[in-house]
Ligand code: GCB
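The chain below stands alone and is given as structure tokens, in the form predicted alone.
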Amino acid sequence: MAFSLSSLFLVCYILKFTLALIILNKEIETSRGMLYPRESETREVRTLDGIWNFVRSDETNPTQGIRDGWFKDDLSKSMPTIPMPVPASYNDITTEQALRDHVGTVWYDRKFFVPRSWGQDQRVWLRFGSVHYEAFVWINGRSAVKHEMGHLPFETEVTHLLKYGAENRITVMCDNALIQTTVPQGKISEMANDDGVTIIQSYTFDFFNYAGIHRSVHLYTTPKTFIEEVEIKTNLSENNTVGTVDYSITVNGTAANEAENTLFARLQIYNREGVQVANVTSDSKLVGSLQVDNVKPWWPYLMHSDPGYLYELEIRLYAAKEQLLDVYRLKVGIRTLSWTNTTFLINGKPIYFRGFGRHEDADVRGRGLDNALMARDFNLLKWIGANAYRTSHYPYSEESMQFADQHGIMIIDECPSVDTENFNQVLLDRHKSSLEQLVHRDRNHPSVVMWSIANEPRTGQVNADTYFQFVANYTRSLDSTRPITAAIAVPSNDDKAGRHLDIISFNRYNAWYSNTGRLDMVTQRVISEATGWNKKYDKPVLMSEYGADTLEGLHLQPAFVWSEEFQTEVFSRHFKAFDALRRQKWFIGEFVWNFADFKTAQTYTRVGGNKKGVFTRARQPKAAAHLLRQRYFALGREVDQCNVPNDLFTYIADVGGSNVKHDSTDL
């Protein structure tokens, strides 16, 4: 009997373990709408950005506000409030440690007026650019929308919730808690402290879990029948002289008389000077294409004298009898992408990526949208000669995507899956949902050239093969025009995900996390690892992260860890490896970690945050930035025949026929 009971327990355990490993490729609910709010002849846009009222919930009682109905009236009538800027992370705004490290829910509210005219024969929408991590929204005490997934937009129609020609109130509850089935993952635990018990949020990713209303909040109007979706795909003729813009338009309509009509659209494409270069009238299917003769393709920075060329596509939606219903405009870059097992090409020309991993991170505002900071970052990207970056480790603001389009900066667009492990059904469904929302939002951006489905996932674990097969194939079903990658940190021999990718990206910190301080153990290890990835999968390979923490102003000779000299030496040893790998053709890019210093959770290995930036958190260059600038422009001149800046080298001396480097002709 004892044997049979123990056998039964063993069978039950094995069954439970086996069931936990079963992952099904379920259907995912897809998002709708999400066109970026733009004014037109038929649309109005207003922002709700500014100073909101703010309340931090008791960590031990996070649902109190729901139970007590804080959303039914002004927050100030339930709890004392403080002023809080939107957009911004709330963590670093005040001097309170409790708010900086808060785990759980916080509340925002503010008042706003809606014009009386908005209540007449149109629809009104509320749109958030991003709330981290989970958001609950009420208008005038009535539930409006709920959304889970930081870093991505959401919207809802609020026509029926508003008071027109009167004051309204919006209330938002935000929850930053991360658990094993959120994207990204985390853990919540309780620990004893000097006052009793405290809530601890832990996570394995190496950046601070900033939270709050991170991006702009908009109210906008549409006609009752309006353009809800626009999907654009572009192509070029073999000699890049003729461009094709394929379009698909989805309409949302409510009025009975409009629904009975046959709808059609007139589309016009205008060049940068405002001259119409193509036009077409669609049929009722609202699907078709436009041809642009003598096209100016969208080229990356430094690959062409006029990079980032954008056309404007104007869409006018009509009902029968030429009744104009809606007008929407968006920028279009005409280009092609293709890839083989050795090469990545744009407009038929091979690409060598040179860029960064980055973070949306800055003093005070945290991860909040800041247009001045964004403009500064793009100026620095162009100053240093980068042509790409990865949105590590989450989608960046839509405004930054538009900036990248305009400046010709290529983007590896990454979903919020970081350090993914403990693969299970709920996690898979949310992971796929994050990618669906990301692709939906960014599919029309010419700057987006790859989808990254994860950063440093535990791809050696049981179930990683099936899990990432489902994730990669789902992403391809959403968009087959771009290759799929993931930044992998496990050794190639242990990896189970790479065979499902199109491009292999790997992260490795030689002389830092591996063989710390050993500059003589960098070059050959990078060459060997990259070669191992290529031999295993026979696919293009790029190094998506390398670097070393560097304390600005610390100088040590000979080079020593944390010094600016050490960071420069680490870069130089990697450059030697990259040049050897480039001769193999299948090695297609190098990405420094990181663009700028950024904040992390508190740990004794981080002095105020991660210091691997080439720029400080205040966006000033460290010594390695000047070395990197010289390399990136040298590569640009070799690979893309670009011009180099006159100030790339500092004048040293005129010493006749010696080999002293003193200007850009010495490249």
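The first residue of the shown sequence is 1; numbering continues from there. Computed from a predicted model, the values in this text were never measured in an experiment.
What comes next is about the form predicted together with this ligand, which is not displayed.
Out of 634 to 642, 56 to 64, 605 to 613, 621 to 629, where are the residues with a heavy atom within 4.5 Å of this ligand in the model of the complex?
Heavy-atom contact with the partner occurs in 605 to 613.
Tell me, which of Y509, W138, F264, Y301 has a heavy atom within 4.5 angstroms of this ligand in the model of the complex?
Selected residue: Y509.
Just one of R354, R215, H393, H431 has a heavy atom within 4.5 angstroms of this ligand in the model of the complex, so which one?
Exactly one listed residue reaches within 4.5 Å, namely H393.
Within 4.5 Å, heavy atoms only: does W593 come near this ligand in the model of the complex?
Output for W593 is yes: heavy atoms within 4.5 Å of this ligand.
Answer yes if any heavy atom of D361 is within 4.5 Å of a heavy atom of this ligand in the model of the complex; otherwise answer no.
No, no contact at 4.5 Å.
Residue-level contact is defined here as any heavy atom of the residue lying within 4.5 Å of this ligand in the model of the complex; does F113 satisfy this criterion?
F113: no contact with this ligand in the model of the complex.
Find out whether any non-hydrogen atom of Y203 is located within 4.5 angstroms of this ligand in the model of the complex, and reply yes or no.
No, Y203 is distant from the partner.
Mind listing which residues of 538 to 557 have a heavy atom within 4.5 Å of this ligand in the model of the complex?
Going through 538 to 557 in order - heavy atoms within 4.5 Å of this ligand in the model of the complex - there is one hit, E545.
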